[in-house]
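Take a look at this single chain in structure tokens; it is the form predicted on its own.
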């Protein structure tokens, strides 16, 4: 049986740790379709109890489970208007998560996310209304349309990047809006397609059972987007792109180490576009219609606000930003236009005080705390002591500082023992019995680190010719010659090494 105990850990009061007995088998269940485990357990050694313990290294899955479970548990008790707000939040959170894959993981700054959603939604809605395709097949037509539209948009990303590609995709979104507005053959009511079949029965539409059923579908859509995020970002494609972006952010360097950077980016873009196609088809079914409003610039800016507030490159940032903006935009609709000003104010505040959105506040606070503690250590540090003031801010291991402090005090004591009489004693008898002071100095020299340690090199095995050299302390790097002087006696070479070490000690 596995015993559960609590141990004091760092500044946190308590942390949950398991104490394995070594008899039970480890559960190696993995996430379907990937090589990742459900929970990241690791066995560590507790230096205080001298026993093996099992800790949960990555606690994000637990927080995701608690947050999503709370959302499912609370939503049925909300009023009808708030249930609709929660459903819209799930839809926009799914779009935001998939957009984060394109912008954060693939590194393609595309502003055509809602254009892909809208194009897929229009194709699926037109197939249902004008061709009589049943609504379940809309969930197949949507990703197919998103895949084709995403492949078309992905082609210019091999030639354009950054601001130029962002302007191109923004222009594509505006062209789509104008096109569906003027397409009278399919969209006779101001560019909108209405009377779309849905998984929500007509009798339940805008009623509480229909709202709960719509929330269930939107929640499953969000889970699907998070699953796509996990399978792409945490598997081979995401890892290749992260390695490429950390390798000096150079595409040529990534290709030189065997990473097909362009292909990986295009794969992520196309996969995300297909998933956005599913969102587009669901969007048309949920609202039973689709209009050119989905292509509008204000919707894109709201999506951009979600990204800025939550944080770029993280799924939790995409969901948190969507929650904040949707709650203000849809939940506080009685405020009118001032609610948009409130979103802008929150964006500005988050941009000024948070480095990577709301989800980056924790790491930012940790860096701030480490920097302040380093500055306090720097105030207690003197030149020639354990560390220089500018270096002390980068040292987080106190044991290293304590060792340097002890070494400094030891060197200060040994410096007082150096005298002309001690040097003359060593010159007369480098290898004999020495006084207590000389023995202390020699023992300190012998325990010195291997890097830059002086050694005596016999130049010719059969001759008494010696030279003083210094070893590098690194495997594969040859020693360097200290000077060109040659010694004909081993005693002179020993004394020369002693003088060099004494000079280094006095100058330290």
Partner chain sequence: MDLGLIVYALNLGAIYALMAVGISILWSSVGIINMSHGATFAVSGYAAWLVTGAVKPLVAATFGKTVLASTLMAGTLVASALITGALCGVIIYLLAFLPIHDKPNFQVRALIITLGLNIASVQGLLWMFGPRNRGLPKIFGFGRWEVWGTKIRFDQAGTIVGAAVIMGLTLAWLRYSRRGLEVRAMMQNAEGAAYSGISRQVTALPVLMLTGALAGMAAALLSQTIFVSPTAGVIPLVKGLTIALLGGLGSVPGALIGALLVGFLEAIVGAIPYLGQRYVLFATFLFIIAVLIIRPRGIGGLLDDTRE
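It should be emphasised that the depicted structure is a prediction, and the values quoted were computed from it without experimental measurement. Numbering follows the first chain given and starts at 1.
What comes next is about the form predicted together with its partner chain, which is not displayed.
Stretch-level contact analysis of 193 to 201, 70 to 78, 410 to 418, 307 to 315 against its partner chain in the predicted complex, using heavy atoms and a 4.5 Å limit, identifies 307 to 315. Its partner chain is not drawn, but in the predicted complex it has no heavy atom within 4.5 Å of residue 437.
Residue contact check for residue 174: one or more of its heavy atoms lie within 4.5 Å of its partner chain in the predicted complex. Residue contact with its partner chain in the predicted complex: residue 355 places a heavy atom within 4.5 Å of it. Among heavy atoms of residue 341, some come within 4.5 Å of its partner chain in the predicted complex. Proximity to its partner chain in the predicted complex, defined as a heavy atom within 4.5 Å, holds among 428, 144, 151, 297 only for 297. None of 234, 207, 182, 293 but one reaches within 4.5 angstroms of its partner chain in the predicted complex through a heavy atom, and that residue is 182. In the predicted complex, 156, 159, 160, 163, 164, 167, 168, 170, 171, 172, 174, 175, 178, 179, 182 are the residues of 150 to 183 with at least one heavy atom within 4.5 Å of its partner chain, listed from first to last.
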